[in-house]
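Coming up is one lone chain in structure tokens, specifically the form predicted alone.
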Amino acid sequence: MTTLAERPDVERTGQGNRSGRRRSDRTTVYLLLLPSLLPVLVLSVFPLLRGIYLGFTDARAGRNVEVSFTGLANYRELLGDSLFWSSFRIGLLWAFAVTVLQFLLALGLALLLDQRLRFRGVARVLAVVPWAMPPVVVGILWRLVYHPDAGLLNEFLHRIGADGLRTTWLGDFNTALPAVIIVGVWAGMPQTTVVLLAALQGVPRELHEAAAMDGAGAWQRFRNVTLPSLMPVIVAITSLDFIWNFNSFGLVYVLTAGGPGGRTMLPMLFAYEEAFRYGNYGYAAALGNVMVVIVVALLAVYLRRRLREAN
């Protein structure tokens, strides 16, 4: 009599082992990602969700203050708040002016630093020095430059015989915002210059040589070779610059604290005043939510148009 042994189900066992191994690998991946995701969730996602929630409440400063859900009441109040719209207009003017001037000056500086000049390495290091300075230090430095009595700017105007142009740069209604914009451009130029310089070094030299052999001048090579090659980088860096500039706070706060008469009151300064001076946490959170939506909408339109042109 022959005894038949049962054949083990090797295929099914192999599939089970592979499935278990995949689950184990997935769990390992999640565990490895957890240390990096945890700070993002705690420091970014949770405050964002908390801010969105507060925008729909009447939260105020103080201990044991009851918070109630008020729906769209804060947003209806924002629509009729002339101070908010004034700060928003100033914020847009500031962000557009600083971003455009930053880009143009940084592009010129990057083109210059891309040439084979003597002491080019030293010049590149000096170009990024403002980047290493905290906004508070930059603000204090430029307050000394703009000082009405002992400032370098008024002293320079005095020495060239232009005493009529001397003024209180940060305290005058007409000069406060332009003076702050100049500081913003100076402080933000290094990172834009570095990014554009890196992009310039990635443009193939063969394209310039071929264009030169076809008789293209310097301006034509820049317009038809360099600029199209830089376009994706330009779109990215100008978008980031606009966001950073629109959300500026520390630099302008140190320079003018929003004055004189609210002429440099950026939206972030206005939100700060509402939250930490008047204690209107809910209203300030609603203001922040509105600004996020508007900036995202503006950037979506801009990026869509620029990327379409780049393609």
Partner chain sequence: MARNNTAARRRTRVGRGLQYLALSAYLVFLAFPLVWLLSTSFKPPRELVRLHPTLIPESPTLANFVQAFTEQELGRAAWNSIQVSLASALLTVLIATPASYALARFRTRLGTVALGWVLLSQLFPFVLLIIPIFLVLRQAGLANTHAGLVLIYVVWALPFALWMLQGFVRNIPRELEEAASVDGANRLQTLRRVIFPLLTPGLVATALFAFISAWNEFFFALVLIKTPELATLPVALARFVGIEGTARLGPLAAGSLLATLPSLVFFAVMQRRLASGSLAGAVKG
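Positions refer to the first chain, counted from 1. Everything numeric in this text was worked out from a predicted model, so none of it was measured.
In what follows, reference is made to the form predicted together with its partner chain, a form of this protein that is not presented.
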Partner absent here, but in the predicted complex, which of 116 to 124, 76 to 84, 92 to 100, 223 to 231 has residues with a heavy atom within 4.5 Å of its partner chain? 116 to 124
Within 4.5 Å of its partner chain in the predicted complex, do 37, 141 and 149 each have at least one heavy atom? yes
Can you tell me whether residue 210 touches its partner chain? I mean in the predicted complex, with a 4.5 angstroms heavy atom cut-off. no
Give a yes/no on whether residue 200 approaches its partner chain to within 4.5 Å in the predicted complex, heavy atoms considered. no
Residue 186: touches its partner chain in the predicted complex, heavy atom cutoff 4.5 angstroms: yes
With heavy atoms only and a cut-off of 4.5 Å, decide whether residue 265 touches its partner chain in the predicted complex. no
Sequence-ordered list of residues in 25 to 47 near its partner chain in the predicted complex, where near means a heavy atom within 4.5 Å: 25, 29, 30, 32, 33, 35, 36, 37, 39, 40, 42, 43, 44, 45, 46, 47
